[in-house]
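Just one chain follows, in the form predicted on its own, and it is written as structure tokens.
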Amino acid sequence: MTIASSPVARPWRRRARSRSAINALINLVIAAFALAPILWGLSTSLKPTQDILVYPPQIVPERPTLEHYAMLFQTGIQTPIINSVIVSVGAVLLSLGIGAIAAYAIARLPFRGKTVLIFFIVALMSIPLPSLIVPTFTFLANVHLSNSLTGLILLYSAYQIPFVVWILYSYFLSLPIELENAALIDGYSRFQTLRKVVLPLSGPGLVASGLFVVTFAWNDFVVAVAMISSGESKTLPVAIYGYLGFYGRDWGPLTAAAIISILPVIAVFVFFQRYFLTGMTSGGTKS
């Protein structure tokens, strides 16, 4: 008789199956709560205007239509989408470019005050974003960048660089230093070592930090609505806010615009999920 089929092992196997079933049920409930608003918004965006507020509500649209999505593109939702793409991509490139150099210097170069600098970076990440809006708006206004996509890119990068540095610093520490020493012996400079040796090995860390930056830049409303007043420079979250109105809610276009805004983020996370998880966990231990 094997151990697995013995009478002693059977209760243990039943308990293990029970725990698995309970965990699966808990995960299902959590997923249902998380997805319910998104699915309801999708359902609302596909309903004709006269069916949106009917009672009892229609969970599945009886007469699905794309009229709200068509109206969005007829009224120029393309411009805010393009603006959000420009700002997000610019913030990611600038944050990763500066953050990678800073993180590598902190991780590998010996200098006095390194501990104080790391503490300062952590302190920067704890500053509430709303407290920075007034001074940053004043600064951008003085340099004539308060109503431009360039100003938003600079702001988002400044807000996210400390977080990028923290993630990449931990990730660089997990890489074997012998590879870098070999590159230095071969005549590479520190910058060449970073560009040709360290960064190619740091894909998961770069992806993890880049996803945090792109999520912040794509979804931000508070900073964008404070810094941007021109309709041509509005980002997607600010454009969506325009459908709320003063006297009512245009629920069809509002939910359609919300669905359009979340689809790119979901697609990016699904595509980079494996790299994101690796990047967030690899810095926890040193090789």
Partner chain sequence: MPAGQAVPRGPRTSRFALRPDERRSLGFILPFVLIELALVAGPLALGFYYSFFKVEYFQLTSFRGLDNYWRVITSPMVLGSIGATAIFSIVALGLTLTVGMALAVHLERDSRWNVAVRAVALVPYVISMLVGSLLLRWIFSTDAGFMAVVLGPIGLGDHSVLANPGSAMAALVFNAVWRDSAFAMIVLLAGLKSIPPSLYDAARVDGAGAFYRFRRITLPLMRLSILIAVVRLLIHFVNVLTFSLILTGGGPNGATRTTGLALYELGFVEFKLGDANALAILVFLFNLILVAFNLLLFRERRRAP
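Just so we're clear, the structure is a prediction, and the values are computed from it rather than from any experiment. By rigid core we mean the largest C-alpha set that fits within 1.5 Å across both forms. Residue numbers count along the first chain shown, from 1.
There is another form of this protein, the form predicted in complex with the partner chain, and it is not shown here; the text below is about that form.
Asks: Whether Leu179 contacts the partner chain in the model of the complex should be assessed with a 4.5 Å heavy atom distance threshold; does it?
Replies: Leu179: no contact with the partner chain in the model of the complex.
Asks: Against the partner chain in the model of the complex, would Asn27 count as a contact residue? Criterion: heavy atoms within 4.5 Å.
Replies: Yes.
Asks: Consider Phe271 of the chain shown here, and say whether it contacts the partner chain in the model of the complex, taking contact as heavy atoms within 4.5 Å.
Replies: Outside the cut-off, so no.
Asks: Is Thr138 close to the partner chain in the model of the complex, meaning a heavy atom pair under 4.5 Å apart or at it?
Replies: Taking the distances in the model of the complex, the answer for Thr138 is yes, it comes within 4.5 Å of the partner chain.
Asks: Could you spot which one of Ala102, Leu201, Val85, Leu93 gets a heavy atom to within 4.5 Å of the partner chain in the model of the complex?
Replies: Here the answer is residue option Ala102.
Asks: Given the partner chain in the model of the complex, answer whether the residues Phe111, Phe221 and Val225 all have a heavy atom inside 4.5 Å of it.
Replies: Every residue of the spot touches the partner chain in the model of the complex.
Asks: Looking at 203-211, 85-93, 119-127, 72-80, which lies within 4.5 angstroms of the partner chain in the model of the complex, counting heavy atoms?
Replies: Only one stretch qualifies here: 119-127.
Asks: Within 4.5 Å of the partner chain in the model of the complex, which residues of 150-164 have a heavy atom? Give them in sequence order, or say none.
Replies: If the 4.5 Å heavy-atom criterion is applied to the partner chain in the model of the complex, 150-164 yields Leu154, Leu155, Ser157, Ala158, Tyr159, Ile161, Pro162.
Asks: After a rigid core superposition, would you say the CA of Asn27 moves by 2 angstroms or more between this form and the one not shown, or not?
Replies: Yes, Asn27 moves 2 Å or more.
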